[in-house]
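Single chain ahead, by itself, as structure tokens, in the form predicted on its own.
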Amino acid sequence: MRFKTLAVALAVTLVLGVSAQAKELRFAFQGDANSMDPYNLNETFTLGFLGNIYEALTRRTADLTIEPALATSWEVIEPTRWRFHLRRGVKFHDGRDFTADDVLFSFERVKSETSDLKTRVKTVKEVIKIDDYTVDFITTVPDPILIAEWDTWYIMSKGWAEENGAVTPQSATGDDENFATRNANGTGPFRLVSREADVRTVAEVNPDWWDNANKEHNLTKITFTPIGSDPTRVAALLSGQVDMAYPVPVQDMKRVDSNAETSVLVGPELRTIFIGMDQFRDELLYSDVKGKNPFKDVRVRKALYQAIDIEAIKEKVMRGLSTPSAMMIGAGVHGFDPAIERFPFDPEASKALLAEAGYPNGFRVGLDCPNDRYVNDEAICQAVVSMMAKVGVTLDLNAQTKGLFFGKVLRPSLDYSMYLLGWTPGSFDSHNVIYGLHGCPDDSGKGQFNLGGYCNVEVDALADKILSETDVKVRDGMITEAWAKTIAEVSYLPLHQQALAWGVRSNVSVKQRADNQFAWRHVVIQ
């Protein structure tokens, strides 16, 4: 197989340059963006899609280096005070000027109850306008990674949102919409033309983009079509109906790559796929165990872990394109330790643990799973169902499209007992996962995505210290301690990091990012 690497793709970009005739990019993904509201859902595809239309104070290059965007520079003037100098002359797509007022508005909006991105400003207690192009962020504690996730905190126009009744973000768990649900007004290199949810979204180049003098792409129009069916998506790529499609299922990669007009770009992804468990209810919603919750017992959680044959999933479901993980982070995320090993696959040990915990005959429980979000997500869940059955645990699989899945498991009632999810830490730092997925949930935003309710006050205390510690060696020691505690307690069932697989036509050059965000500004079509 002749899978192209990222380095080859970058070299092709340099050869092509940007002098090629301007083109329309037609691409497909396995699901749709959840909304055009940039604070609706903290999910990679939705945020990556909107990052072509909206912009943040910072942005990331193809190799994920942070660089200036709507802010030209910043500095820490006190341990808890960051000053940002805003870019002058920037226009929103409707012609309004970008100023400090938009930053202050976006700060208040992203903190709203219905926002799914509250953690972007978790340590910020106040934003002060110094003048129209200077703002200060005041934090509650020194925060050495304050801006690490800001490339996906997009700045919205205060005037546009107020005029169109979009001051409050659309909730990811409800049916209510606002004007920003199907409309957009960013400052980015592309602007929204039309939006048909789950059918087609069209964008065009922004001729007034502040960075057009340095643009790499030669696109004039972008047409995105969500195609949930793997065979249909691959067929659209092979036939030339789309120029780029992802993900390419592992079982179709050879066919795509052997076709003269298409190829597959393969690279590592930072996302970890895992299974979560309801550990906070006294009785599970979807189980035949009554009067108690088996997932509160670490022996049960470890039993489920040891019932999973991760190598079989890698070989048979992922066709070798996954990296089994013992941690809730993968290589490339700060704090990853390759020396940590998974609990061994051992069905007999699993049965013994279940018996010791009082479930010698196992039990029945529901498992929620998306079927159009991660690589072979439903197939992974089906494999886990089969493996659990061998130790006496019956899983009732409920596989749904990601829109239905996220709407179900993210709603305030937390409507699930077990679920499969994937997580890419936006900061590429362990604190993101320790705080967001392991923190004891509270109203401050801690544990916002800790759907299972795992809670250890010692881990919580470490998370707070990790956030504000500026001594790298001391901070790394705290990260190591926190991971040791959560792994020993089997807070989750980590599975693997999936590989990226993007299918492209031979005349298309893209830059594949390890966070799986597709930036159109790097695309050149011959």
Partner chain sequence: MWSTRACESSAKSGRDSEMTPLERVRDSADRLLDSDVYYSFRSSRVTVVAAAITAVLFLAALFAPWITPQNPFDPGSLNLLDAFTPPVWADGGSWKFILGTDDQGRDLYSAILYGSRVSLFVGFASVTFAMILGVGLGLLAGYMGGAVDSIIMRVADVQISFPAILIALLINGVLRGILPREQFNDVAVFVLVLSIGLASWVQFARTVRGSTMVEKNKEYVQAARVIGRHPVSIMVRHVLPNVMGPVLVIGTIGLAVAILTEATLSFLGVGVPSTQPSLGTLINIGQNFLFSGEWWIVIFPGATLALLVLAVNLLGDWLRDALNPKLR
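Numbering follows the first chain given and starts at 1. In this text the structure is predicted, and so the values were computed from the model without any measurement.
The same protein also has a form predicted together with the partner chain, omitted here; what follows describes it.
Listed stretches are 198 to 206, 261 to 269, 329 to 337, 224 to 232; the contact stretch with the partner chain in the predicted complex is 224 to 232, by a heavy atom cutoff of 4.5 Å.
For the three marked residues, 316, 382 and 387, a heavy atom of each sits within 4.5 Å of the partner chain in the predicted complex. Note on the partner interface in the predicted complex: the residue among 215, 411, 255, 125 having a heavy atom within 4.5 angstroms of the partner chain is 255.
In terms of contact with the partner chain in the predicted complex, the residue from 456, 323, 168, 400 that brings a heavy atom within 4.5 Å is 400. A residue is said to contact a partner when one of its heavy atoms sits within 4.5 Å of a partner heavy atom; residue 210 fails this definition for the partner chain in the predicted complex, lying far away. In the predicted complex, the partner chain sits within 4.5 Å of a heavy atom of residue 251. Contact check for residue 286: a non-hydrogen atom falls within 4.5 Å of the partner chain in the predicted complex. At the 4.5 Å threshold, heavy atoms of residue 193 stay clear of the partner chain in the predicted complex, well away from it.
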